[in-house]
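The data below hold one chain only, encoded as structure tokens and taken in the form predicted on its own.
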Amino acid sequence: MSRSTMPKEISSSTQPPLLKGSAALSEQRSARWRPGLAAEGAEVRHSEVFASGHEASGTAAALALALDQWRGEETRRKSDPLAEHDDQRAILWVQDRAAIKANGRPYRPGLPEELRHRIIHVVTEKPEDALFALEEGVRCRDLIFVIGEIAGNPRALDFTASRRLSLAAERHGVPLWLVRFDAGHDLSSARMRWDVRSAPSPAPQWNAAAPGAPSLHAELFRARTHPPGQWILRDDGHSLTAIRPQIATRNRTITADNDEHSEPQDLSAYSVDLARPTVGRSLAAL
């Protein structure tokens, strides 16, 4: 009997389906996160944002990331000639009392214009009730996305509860962005977990006395499909931009060294349209 010989290389067309799937998953996991991934069909249905309760950076980041994902889905939906072109769905916003005490309520005039008339606001006395409202929200396909705000590490938000939220959000296709104020990194099944804090704004282009564009330092410390990384996030009302912290620091240093008539080096990365009110602890600093 003659011994069979194995081919030296196996082409992609002849790879078993399991190997093809493994290669695709490996390639996806090695790709860095960037804005606009939802337009490529890479949506994440359950994310957590950790932030201090003394600033609105956590909620602002959750809103900016949720809007970026929604815009990507809108781009894909409008490219479908059979899809409805008028999206009138609402947004569910759930807060427990501790989160309201730490960071205040949503301030509609400070929200992005396309969201102001869509908010369904729910206030709960306890985290258990907030988790119930969040799970009911992600089961409703008539919602664009759900935002939750919970303070600390309540016992009710254990891994089992987190797993229930992940499964419900992925089964029904409704994204959940859960903001955790003053909380530790406990066990969770969230697909993406962020640490967020406020960041120095870039110098304005025309008026040196004006505040700069709101900026957020976001660190992706755990993700199912992307390696960890850090970015400076800015939302100009139309799109989300993300640049590496080293580039943002270098541009700010160059601008400070120039005279008052000079322009920032990376004008394409942010806008100076700051016509948004900020009142107290509102969410206007998006």
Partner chain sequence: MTSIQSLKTSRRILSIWLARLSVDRWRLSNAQNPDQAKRGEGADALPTALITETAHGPRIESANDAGIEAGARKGMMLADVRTLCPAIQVAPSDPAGDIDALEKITIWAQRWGPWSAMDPPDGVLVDVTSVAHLFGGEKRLLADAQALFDKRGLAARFAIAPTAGAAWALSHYGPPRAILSPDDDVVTRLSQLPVAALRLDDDVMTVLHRLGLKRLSDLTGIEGDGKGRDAIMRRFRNRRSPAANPLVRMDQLLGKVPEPLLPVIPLHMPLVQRRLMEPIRHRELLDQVVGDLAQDMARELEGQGKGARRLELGMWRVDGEVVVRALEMAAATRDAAHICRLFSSKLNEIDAGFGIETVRLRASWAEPLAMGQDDIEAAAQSHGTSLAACIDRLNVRLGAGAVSRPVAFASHIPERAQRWQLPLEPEPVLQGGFQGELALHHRPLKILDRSERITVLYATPDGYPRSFRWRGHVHDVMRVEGPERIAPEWWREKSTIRLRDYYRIEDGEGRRYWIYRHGLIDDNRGGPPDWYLQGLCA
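Bear in mind the structure is a predicted one, so any value in this text is a computation, not a measurement. Residue numbers count along the first chain shown, from 1.
FYI, the form predicted together with the partner chain isn't displayed, but the following is about it.
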Contact between Gly212 and the partner chain in the predicted bound form at 4.5 Å, heavy atoms?
yes
Do Arg105 and the partner chain come within 4.5 Å of each other in the predicted bound form, heavy atoms counted?
yes
Interface membership of Ala242, the partner chain in the predicted bound form, 4.5 Å heavy atom rule:
no
Any of the heavy atoms of Ala208 lying within 4.5 Å of the partner chain in the predicted bound form?
yes
Using heavy atoms and a 4.5 Å cut-off, decide whether Leu111, Val122 and Ala133 all contact the partner chain in the predicted bound form.
yes
Identify which of Val44, Ala66, Ala60, Ile232 has a heavy atom within 4.5 Å of the partner chain in the predicted bound form; exactly one of them does.
Ala60
Consider the chain as shown here, without its partner, and state which of Val196, Ala183, Ala190, Ala203 has a heavy atom within 4.5 Å of the partner chain in the predicted bound form.
Ala203
Which of 218-226, 31-39, 66-74, 50-58 sits within 4.5 Å of the partner chain in the predicted bound form, heavy atom basis:
50-58
